[in-house]
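Before any questions on how it binds or moves, here is one chain, the form predicted alone, in structure tokens.
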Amino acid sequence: MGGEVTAPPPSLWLDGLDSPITPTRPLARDIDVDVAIVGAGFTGLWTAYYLRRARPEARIAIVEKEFAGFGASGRNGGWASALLPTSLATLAREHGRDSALAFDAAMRASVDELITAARDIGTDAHIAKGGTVVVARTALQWERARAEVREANEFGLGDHLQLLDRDAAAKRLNATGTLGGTFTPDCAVIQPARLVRALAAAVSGLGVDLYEGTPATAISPHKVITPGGEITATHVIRATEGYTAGLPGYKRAVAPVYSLMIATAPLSDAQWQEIGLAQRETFSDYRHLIVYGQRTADGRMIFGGRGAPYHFGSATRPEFDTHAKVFTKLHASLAEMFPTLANVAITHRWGGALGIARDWHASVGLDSHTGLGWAGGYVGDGVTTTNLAGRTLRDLILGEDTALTRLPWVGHQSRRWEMEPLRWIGANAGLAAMSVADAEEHLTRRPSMIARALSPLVGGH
């Protein structure tokens, strides 16, 4: 039945909204529109926002199973970065150097576009463009940092990725064992739930019909089926990311993998002076199993990472949003990096599904014959990428040939994931390998053979 929504786990972001979430009415009749969008996360909302501003007369409807921002858009790490899951070297090899550089420039410009758009819709999303510091805490991590800077310099992007020595890295982030690191200015911290809910309100204010509590049970050319009615549309845009597998025919299109987070109570000024992040930089390190964090506007430490299992059949269920062992490991990693936080109170624990294409390549596109469009496969770096996707889908829907529609991710078709149980075996083997790889390097002091062997399963290039 439509109209019923699921309460997500108590994420700091959703708890930080100014008012309770009251879902809009569900769809309860057949309608005919120009553009039907499935999914009211950032991708769907940005698409509607930019399209409606370009064509105020366009009839646009968005259907959302839960409420706007229920998924990754309201529960992510709060990074508005210029990161892509596909490396510049891979993009250059597949599409040419100029196309790769154009994509990189578009992503960096999109960070500022998102900040401008947030201001335009009148929301205080606690945005601060402090950049990203990634520290190297072993000799092998230090070599990976230097290799990343060498690649940036080869592409003429040295101004966007700076190599930090020990003192410069520790000044930004005083993590234990820091040998050096890198810094890029192309990232902002953000309170994503505040932005996504404000964006939903702005889209509705522009005249877009938003139907929350309305699951799409099937999509096809020019048609979206829901429990309350059918939508007929010239264009149907799939913006479902980690929940894509729930649509008939899309079970193997995108694999949902869970990322989990913890938030501390507000820290003291003395603790922050010891840790750093004075400019509210986002941060990570060069280990294989990804961790990420930020300093919130109210002085909390947010820390997240991978490690939760992929679930058989690409299943996504509310109980998967929490995982006691992963939360324990995250807290231990946080304390290991910052001993001053060993006994700090953890006030929030939450998680959610992100979407991964089989080749770890984000994509956006529109089939002019069927009217079916899509965007996704962001691998957890979607806050900025969704904004670029929304503007690109706007141009594709309007049939315009622009610099955005010529970017190399447009029209990219990832191969499908393997059938079960191979998908379950491969995805979880890849996730486990990254944890084992870090332990292997700690023992051998050599680059991990396991990481190298399984890199095709986890986005290695």
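Quantities reported herein were computed from a predicted structural model and do not represent experimental measurements. The first residue of the shown sequence is 1; numbering continues from there.
Just so you know, the form predicted together with a small molecule exists too; it's not on screen, but the next bit is about it.
Contact with the small molecule in the predicted bound form, defined as a heavy atom within 4.5 Å, is made by none of Leu84, Val111 and Gly390. Just one of Ser259, Thr123, Thr178, Ser363 comes within 4.5 Å of the small molecule in the predicted bound form, counting any heavy atom, and that one is Ser259. Listed residues Ala200, Ala353, Ala136, Val133 were compared with the small molecule in the predicted bound form; Ala353 is the one with a heavy atom within 4.5 Å.
Stretch-level contact analysis of 242-250, 264-272, 149-157, 88-96 against the small molecule in the predicted bound form, using heavy atoms and a 4.5 Å limit, identifies 242-250.
Shown alone here, Arg394 lies farther than 4.5 Å from the small molecule in the predicted bound form, counting heavy atoms only. In the predicted bound form, the small molecule sits within 4.5 Å of a heavy atom belonging to Phe67. The shortest heavy atom separation between Tyr292 and the small molecule in the predicted bound form is within 4.5 Å. In the predicted bound form, at least one heavy atom of Pro215 sits within 4.5 Å of a heavy atom of the small molecule.
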